[in-house]
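First comes one chain, alone, set out as structure tokens in the form predicted alone.
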């Protein structure tokens, strides 16, 4: 029973990280249809921003979360406004553009701060452990779970209970009709992309105390994020949450029985088989013809 509880907690911890990384991609891919291959680099920017705020300004991780979100969101707004908005209805060009942006960001970071591994300190208030169902769990991992669920709730409210969310859903349904009602699609898309990029940067900052920070750290995260979004369903935010924790529990269980490498391989194979028979994802309702 102790091992079972331990694996459940481990899976929730992995799922929290997957959700943090994938939520921004789910917004961008599901709402705008953009396959953002630079998503991992936005995560990397958030991690480096956390390191730089601490190193040069003396700000702790918790104090720098809001500035990091705003900085990466502003960068995402610039990318969408001056690069991606010029490539409407050209998905292949968008893929190439975001791939190029990702490479440029990696090289820019190498030129500015070098390729050495950087490390971000855990917040002192969250550096201890706490008892959860008789198991000793890092306070910071519990904090990640709480933050992930809070960000999901905030994002759901933004998408379903605000004017911006209503306009975005109208554009998704029919852009020309939405424009006839005076909705500025370019502005809404820019804000949406900025919000998704900001979430990615926030995810990078939050996972930076658990991983070393490097220019190419985003490569693995973008693969994990796409797996979560594809499994959950492209336009399903709730599906993203469910798939993140399903993959977290599955990865944790397989890693316990084998190792992390085997776990990643089996999970990826399972997703490939799944999308062969259910390409819309597990948590998206089927549409009848």
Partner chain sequence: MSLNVSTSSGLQRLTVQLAPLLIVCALVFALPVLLNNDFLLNKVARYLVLGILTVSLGLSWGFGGILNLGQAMSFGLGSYAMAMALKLKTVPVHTGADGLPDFMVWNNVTSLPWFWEPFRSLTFAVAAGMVVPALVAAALGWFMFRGRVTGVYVSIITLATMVVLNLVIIDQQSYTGGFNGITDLAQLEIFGVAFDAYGRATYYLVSGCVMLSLLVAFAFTRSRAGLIVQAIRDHESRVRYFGYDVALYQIFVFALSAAIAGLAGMLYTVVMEFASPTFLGVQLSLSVVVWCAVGGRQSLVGAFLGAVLVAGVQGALSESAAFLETWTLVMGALFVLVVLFLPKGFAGLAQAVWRWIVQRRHVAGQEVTPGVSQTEGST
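Residue numbers count along the first chain shown, from 1. This structure is a prediction, so every number in the text was calculated from the model and none was measured.
The following text describes the form predicted in complex with the partner chain, which does not appear among the structures shown.
Note which of 125, 86, 78, 157 lies within 4.5 Å of the partner chain in the predicted complex, where distance is taken over heavy atoms; exactly one does. Of the candidates 125, 86, 78, 157, 86 is the one lying within 4.5 Å of the partner chain in the predicted complex.
Could you tell me which one of 230, 32, 250, 59 places a heavy atom within 4.5 Å of the partner chain in the predicted complex? It is 230 that has a heavy atom within 4.5 Å of the partner.
Please pick out the stretch from 193 to 201, 147 to 155, 163 to 171, 95 to 103 that is in contact with the partner chain in the predicted complex, where contact means heavy atoms within 4.5 Å. Stretch 95 to 103 is the one.
Does any heavy atom of residue 55 come within 4.5 Å of a heavy atom of the partner chain in the predicted complex? So residue 55 does not count as contacting the partner chain.
Does the partner chain come within 4.5 Å of any heavy atom of residue 179 in the predicted complex? Residue 179: no, not in contact with the partner chain in the predicted complex.
Residue 257 versus the partner chain, in the predicted complex: is there a non-hydrogen atom within 4.5 Å? Because no heavy atom of residue 257 falls inside 4.5 Å of the partner chain in the predicted complex, the answer is no.
Please check if residue 262 has a heavy atom lying within 4.5 Å of any heavy atom of the partner chain in the predicted complex. Residue 262 belongs to the contact set for the partner chain.
If we check the partner chain in the predicted complex, which of the residues in 101 to 132 reach within 4.5 angstroms of it by a non-hydrogen atom? The stretch 101 to 132, when checked against the partner chain in the predicted complex, contributes 101, 103, 104, 107, 108, 110, 111 at the 4.5 Å heavy-atom cut-off.
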